[in-house]
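The same protein chain appears twice below, in two forms, each given on its own as structure tokens and labelled structure 1 and structure 2.
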Structure 1
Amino acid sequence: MVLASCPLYFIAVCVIGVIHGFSWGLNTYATQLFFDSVASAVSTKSGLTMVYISLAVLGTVTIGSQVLNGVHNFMVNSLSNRMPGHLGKYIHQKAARVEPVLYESPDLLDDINKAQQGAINSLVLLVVIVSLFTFYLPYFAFMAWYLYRLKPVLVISLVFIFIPVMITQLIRGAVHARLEDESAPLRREVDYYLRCICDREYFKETRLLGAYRFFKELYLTALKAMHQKKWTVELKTNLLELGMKMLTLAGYFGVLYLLFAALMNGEISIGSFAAVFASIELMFNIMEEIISSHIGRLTQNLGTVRNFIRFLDLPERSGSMERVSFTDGIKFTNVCFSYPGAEKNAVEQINLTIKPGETIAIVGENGAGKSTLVKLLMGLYLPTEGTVEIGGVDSRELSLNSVYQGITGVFQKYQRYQLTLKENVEISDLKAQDQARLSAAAAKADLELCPETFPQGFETMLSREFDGVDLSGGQWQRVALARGFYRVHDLIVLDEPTAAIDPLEETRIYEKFAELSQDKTAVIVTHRLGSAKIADRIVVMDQGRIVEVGTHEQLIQERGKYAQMYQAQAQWYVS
């Protein structure tokens, strides 16, 4: 994925890493040449020409390795800064392709949280692997050749010293992978409670209700539980690592003894002893860095990386049809649907045909299945049993991309984007950006651009946080309506879109909506039954089933569920 995102830069990082690794090995060899030339000059009373030459070589190699070190670190950091956006793109693309119904399950939310953490740690994995194979491997390959040439046992002893530490890191990796699975739900809880305390969406109501301390306790409890799990794991693994590092320290002194013995026995020169003695601490530090830091982080985070890859491997909707027309009608045949993990169906035995260009109102009590029915007729959810045909095509054959085309909607919980008024409306169809359409959409929603409210017209920033203005609930609802009207559509869904508008304004908007939805398929979900009168037919739902279908007049005459609900609401307006 990273190679596909920036291939040339990635290859350049690898090449610089290889050169950098060899430069540190050459530093040791240049150090030996310098000390040998000094020893030779002292013992033979010869000239200093070779000393100066070897000193120049040592200086050049040392300066070069430091320059390469700076360049290599800069390039690796630059790569690490570039990549989170690229890997995040894969998560967002995958999240857009999985079955939307999975968002009803906390398992998917945990998977996304783990994947986001895994994407970050994937960069750690990438940097570690690239560093191991392009910097550390060339360096130790050179040093292994150099030490083997001096005394073969030195190479073998270096390898065995770090086996205990490697075992520790493998154990640490397995433990932290299990910790990540247990921490993801707690991490989501911590984030949510923190939002309830200080997020703009929640804080007014939280303080009005006096619920700050309540959420604070929940936040601290979840945070303590998460940290307790981490503390327990870190304590055990660090105690194990401490014991193994004591073995490594003993090995370090053993190597120094072998080196000293080889010098005393005349097996190596003074220059070789000085060079290896000067570099052996560097080798131990680098190997410690590799095993304890890099490989330690790698094994610790490997579980989250697996979560990232596992999320990208989740099954996707298999439909391949890229275009469907909602103006050709929608047909339900014996449709049942249940949410993931639910014991009973949310909707049961639905049989309904929505004719081309028809306006349908869906009414019912809370929990009757209205929103589920809408998601099924949009093709967003697939039926558990039966078929939903959109324009004569089974919704199972549709790609998610085709589902989102040709649909617009206005929902009760709409978004208040901290953008300009123009951007808030045009965000529903960014490819268009047509001033005439923008003005028409505002007019359809009865959104008046008075200078007192919108001093810069469509360019007015709708956020006090960005030196703009804030709107009332009713004004924001009109912005949301304009957003829905702006999008080119074959099907429009209004799900309680006028909850923040007074009844007179609501009546005007619905009357205008009735005019605008001619020759379009339209669905209205509403609790205010007076608004349902504009529909060609009203669908009444109760406990997941359709119990009545007809016009307002027909349903009133039948004196069934709809008539009861209508009379219950009417008594509040009639003395």
Structure 2
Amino acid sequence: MVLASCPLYFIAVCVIGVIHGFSWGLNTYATQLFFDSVASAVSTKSGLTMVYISLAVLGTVTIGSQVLNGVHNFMVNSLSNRMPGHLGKYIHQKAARVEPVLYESPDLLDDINKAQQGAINSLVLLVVIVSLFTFYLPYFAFMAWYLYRLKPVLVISLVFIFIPVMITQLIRGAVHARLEDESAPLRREVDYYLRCICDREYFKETRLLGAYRFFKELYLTALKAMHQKKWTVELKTNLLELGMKMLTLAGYFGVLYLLFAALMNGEISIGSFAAVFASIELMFNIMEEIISSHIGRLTQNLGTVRNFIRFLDLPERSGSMERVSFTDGIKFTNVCFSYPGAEKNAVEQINLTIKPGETIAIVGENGAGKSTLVKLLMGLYLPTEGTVEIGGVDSRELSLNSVYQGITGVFQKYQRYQLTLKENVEISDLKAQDQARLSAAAAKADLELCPETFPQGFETMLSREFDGVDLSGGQWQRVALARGFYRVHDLIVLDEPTAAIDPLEETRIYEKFAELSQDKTAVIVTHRLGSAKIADRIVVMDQGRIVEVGTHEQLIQERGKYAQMYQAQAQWYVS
């Protein structure tokens, strides 16, 4: 992904890294030259020219490697600053394409939560891996070669530096990945309880009901559980790290002894002794840097990186991208559907054909399966058994894009976008800039643009937070309706979009709707049976099944479920 986003820059970072790594190695070599020239100048009282030359070489190499260090760090940092935006794009694209029903499962919500974190952490991972291969590896390779030439046994020092560190970090990675999996649900809980206390949407109800302390308790309990888990893990890994460091330190002193012995035996020069002494120090520091600032952070976060990748790998629906034609209507054959993790079916054995241009009303008690049926007929969710054919094609074989293009809808849980009124209505097609279409949609939803409510007309900002106005529940619902009507469509789905609008007004909206959308297929879910009368056919649902289908008159005559419900509601108004 990084290569795709900025290839040249990335390659430049790698090349500078390699040169930088070698410059540290050269530094050791220049140190040796310098000390040897000083030693020989001291013992022979001559050859000062050599000292000056080697000093100049050492100076140049040191300055050069410092400059390279600065440039390399700068480039790595700016890469890390630029990339999160690019990686965020991959998450958004995926979230837009992932199978919608997964949003009903808590696992996906965890994954999205962790994927955001993982995207950033995978950058850290990349930077560490790239630095390891382009900077640290060349440096350590050079040092291994240098030490081997001096005295093969000295290469052991590198092993002592590497092995314990690697073991610790591997264990650390595994432990933290498990911690991440266990604490993600807790983190979601903590966030949610905090929202219940502080969020604008929640605080009114929370305070009024005196539930503040209840949520505070829940919040603190979840927070404590989360910290407890973290604390245990940190303690264990830090103890492990301490032990391994002791081992490394023992190795360090062992190497010093070996060096000293070699010097006394005359196997290595004073210059080499000084150079190796200095560079072992440096190697330890560098290793410390890799561990604490890179690998430590990295292995802690490896769990979220895995989540990021897992999220990008979630299944997507493939299939034809061509706009589906609704001319063949929609056909349900023996359809059953259950939500992820749910034990029983939300809808069962549904057989229904919706003809093009027909208006269907779906009625039934709470939890009867109306909203679920609607999501199936739009191809949003796929049936667990049976088939839903949209325009003659099995919904499993259609890409979401191809179905959505011809559909509009207003849902039970509609959104209140904090945008201007115009943007709220035109959101499905902001480029059109069609004033007539905008006004028509508003009129169809009976949205009156009185100056008291909408001081700037369509440009009024609908948000208190962004210096605008707030609307009443019924007004918001009309905005949502206007948004649904604005979109060019063959099929319109209205899932109780009028619950907050008074019954007389609702009837008027539906009658106007029926008149204006005669050629469109329409599916309306409503609890007010008076509004269902406008439909060509009424579908009555009960406990996930279709129990009656017919016109208002037919169903009244049948004296079944519909007739009962209608009687019960009519009484209110008649008396």
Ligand SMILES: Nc1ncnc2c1ncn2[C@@H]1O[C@H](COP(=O)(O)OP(=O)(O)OP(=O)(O)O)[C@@H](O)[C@H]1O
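Throughout, residue numbering runs from 1 along the sequence of structure 1. In this text, the rigid core denotes the largest set of C-alpha atoms whose superposition between the two forms falls within 1.5 Å. Bear in mind the structure is a predicted one, so any value in this text is a computation, not a measurement.
Between structures 1 and 2, only structure 1 derives from the form predicted alone. Superposed on the core, the two forms differ at Y139: its CA moves 2 Å or more between structure 1 and structure 2. Once both forms are overlaid on the rigid core, the distance between the two CA positions of G271 between structure 1 and structure 2 is 2 angstroms or more. If you fit the rigid core between structure 1 and structure 2, you'll see the Cα of R149 move by 2 angstroms or more. The rigid core superposition between structure 1 and structure 2 gives a CA shift for A39 of 9.1 Å. CA movement of P7 between structure 1 and structure 2 equals 2.8 Å, with the two forms superposed on the rigid core.
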